[in-house]
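Below sits a lone chain in structure tokens, taken as the form predicted on its own.
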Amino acid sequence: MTRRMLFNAFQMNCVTHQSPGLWTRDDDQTTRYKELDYWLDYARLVERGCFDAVFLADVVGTYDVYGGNREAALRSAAQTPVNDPMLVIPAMATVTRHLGFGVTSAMLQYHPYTFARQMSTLDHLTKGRIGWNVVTGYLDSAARAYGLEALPEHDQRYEIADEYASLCYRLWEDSWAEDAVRADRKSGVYTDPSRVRDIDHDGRYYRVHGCHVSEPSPQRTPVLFQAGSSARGTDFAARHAECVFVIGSKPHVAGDYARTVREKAVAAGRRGEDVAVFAYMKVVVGGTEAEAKRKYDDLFESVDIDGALALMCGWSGMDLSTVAMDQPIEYIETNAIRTFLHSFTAGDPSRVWTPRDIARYCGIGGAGPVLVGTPEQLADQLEDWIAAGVDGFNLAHTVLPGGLEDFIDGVVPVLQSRGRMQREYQPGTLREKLFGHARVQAPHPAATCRRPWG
């Protein structure tokens, strides 16, 4: 049986998510990110394309590594200014029936008690279509904005994330019994007090003593997304993630990562098939190969190289303003996103990368590979990635809405004709659509934290 591909549309509540400079084009509408109609139109388009979810990235700091300041990021609108991604989800949910919504939230942003309520609220309002991208953060500017001197060290951030996620699981899964809510109009009892209990937690980083204040939502625990390729990051993904994102410049790089994280999941007591791996991807579609190439060349003329370097340096933690544009870059450990550096250096040793190469590569759609060709050629290439071991794609846009429309109107029908993409949605929650069950299941730690009720 042909295995269908999973697709998320990668988006951010800002002008420039991954393609610095393209906002200046007449065929791009991303400067409308402040308008509600922009998000409603976007959600309708993505659901028309039968994507599984919109995945909303987020940052709460500025990209100030390149040149030691944020000037390039501000000039190019490189993920600054940026608005709250959570607030557009309920609106998008009103004009869609099936589309899922994954939202990014880092440990710095909210206390887990507050965050647990926010996610329960979104899960209620979307009728179980919400997911959480668990991130540890990578910008020192964000840490300083929240009153810290700097980000905690890389591995310590994952220790914090372990405790944060585990505490949220207890609030979502263990505080309210299945039958706690009676909503009995005759007796006047909405909730049976004996079926709600406190969560008592005194940890290294957080303390909570109290019950979850939201009643159980359709999924309770949202679908869990995560990305990370360091040793500690893959350990975290193997324990917690249901959907994992990988940045790889070639299919075998992403496939090797997929095998690694699944092997670690099995070692952690989970099943390898409990983890779906999404490769980061961007595409340029044309009616002919020559037309697609012309589109790519035309897009590249609008790329803001300084903006691309601002993003690249923020992701990697390396200030390349002092490195010659054509000097090869070697892999080094940093306190930022080790996934990013690994994808260009140790992750793909067959090529020498320079700042100029990476800025050009990242200029259209971010750090992932760009596929250029006809719908049939792109479908062939996407199948190569699936054959390498990934389950689907996190698809970044070039210009909006045209770049996404090209994919939906051109590539999606080809994939559907090959049985590679769904033609209609299955009923149920986001987790049911992806994995066949509404609630997270043992041996995932969110399931094993449920205590029996007397």
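In this text, residue numbers run from 1 along the sequence as written. This structure is a prediction, so every number in the text was calculated from the model and none was measured.
Just so you know, the form predicted together with another copy of the chain exists too; it's not on screen, but the next bit is about it.
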property	result
Heavy atom within 4.5 Å of another copy of the chain in the predicted bound form - the one residue of R207, R259, R360, R97 that qualifies	R207
Residue (of C211, V303, A227, L320) lying close to another copy of the chain in the predicted bound form, criterion heavy atoms within 4.5 Å	C211
Contact test in the predicted bound form: Q156 vs another copy of the chain, heavy atoms, 4.5 Å	no
E376 within 4.5 Å of another copy of the chain in the predicted bound form, heavy atoms	no
Partner proximity in the predicted bound form: I386 to another copy of the chain, non-hydrogen atom cutoff 4.5 Å	no
G61: touches another copy of the chain in the predicted bound form, heavy atom cutoff 4.5 angstroms	yes
Non-hydrogen atom within 4.5 angstroms of another copy of the chain in the predicted bound form for each of L40, Y110 and R185	yes
Which of 235 to 243, 362 to 370, 84 to 92, 285 to 293 sits within 4.5 Å of another copy of the chain in the predicted bound form, heavy atom basis	84 to 92
Another copy of the chain in the predicted bound form - contacting residues of 28 to 45, heavy atom within 4.5 Å	D28, T31, Y33, K34, E35, L36, W39, L40
